[in-house]
Ligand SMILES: Cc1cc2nc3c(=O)[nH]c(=O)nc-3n(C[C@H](O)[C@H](O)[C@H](O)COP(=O)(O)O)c2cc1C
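Below you'll find only one chain, the form predicted on its own, shown as structure tokens.
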């Protein structure tokens, strides 16, 4: 796969992976790709945990499921990220950012645009949508043959120091290397984000992974081989749109926007 093709095809995998274990060879290729990312003074501040033990995955999956349910039930998820949700194609085409919710269970479709209102939240709770999403999230994480935890060494990652910015920048580039390599290997990847949203849940995961005081757990991802014809989740979205050049690029100074190609 050519580099530009890989970049253009890069995406998040929302659905289930094949049950096939990720080979040790491919696991090593992923972290070797990450290690090729740039870092300040070649400090290589990242550390990774490759998690293929089913019992550990199940423990993390339970936390991912329960935190998803809690976030949805309390409405905190929608309140925090409401500005990114799109419910019609015209808005998505005009703004060209966020996520377009294009798949919903039948009973919810008439109320899609009211999802952020008190009425919408009450309806979702009555229909037990938070529990359904939580179960789906637990199933997705538990069924993923590989989880990847990304950490930073506190020797370099010092939040009060400029080095912390350099570390986060480097880790982001390392994760992007992994993401692109997943496409080359026929794999998918998704951020397991909900445990970070609930106080205490992240500490539970750190305890499960036995993270020492010298390291900071930054993120957890689920990975696996992508089936040829994947079934979409009950509630799903697309996010393939990208802004036009004139919406995010300037020429010479921030006073002049870049013209879109003809």
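Quantities reported herein were computed from a predicted structural model and do not represent experimental measurements. Residue numbers count along the first chain shown, from 1.
In what follows, reference is made to the form predicted together with the ligand, a form of this protein that is not presented.
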Since exactly one of 225, 48, 202, 237 fits, which has a heavy atom within 4.5 Å of the ligand in the predicted bound form? 237
Quick one: of 193, 207, 214, 43, which gets a non-hydrogen atom within 4.5 angstroms of the ligand in the predicted bound form? 193
Could you tell me which stretch in 185 to 193, 128 to 136, 161 to 169, 142 to 150 has residues with non-hydrogen atoms within 4.5 Å of the ligand in the predicted bound form? 185 to 193
Given that the ligand is not shown alongside this chain, does residue 247 nevertheless sit within 4.5 Å of it in the predicted bound form, heavy atom to heavy atom? no
Taking 4.5 angstroms as the cut-off for heavy atoms, does residue 12 touch the ligand in the predicted bound form? yes
Is there any non-hydrogen atom of residue 104 lying within 4.5 Å of the ligand in the predicted bound form? no
Does residue 242 reach the ligand in the predicted bound form, with heavy atoms at most 4.5 Å apart? yes
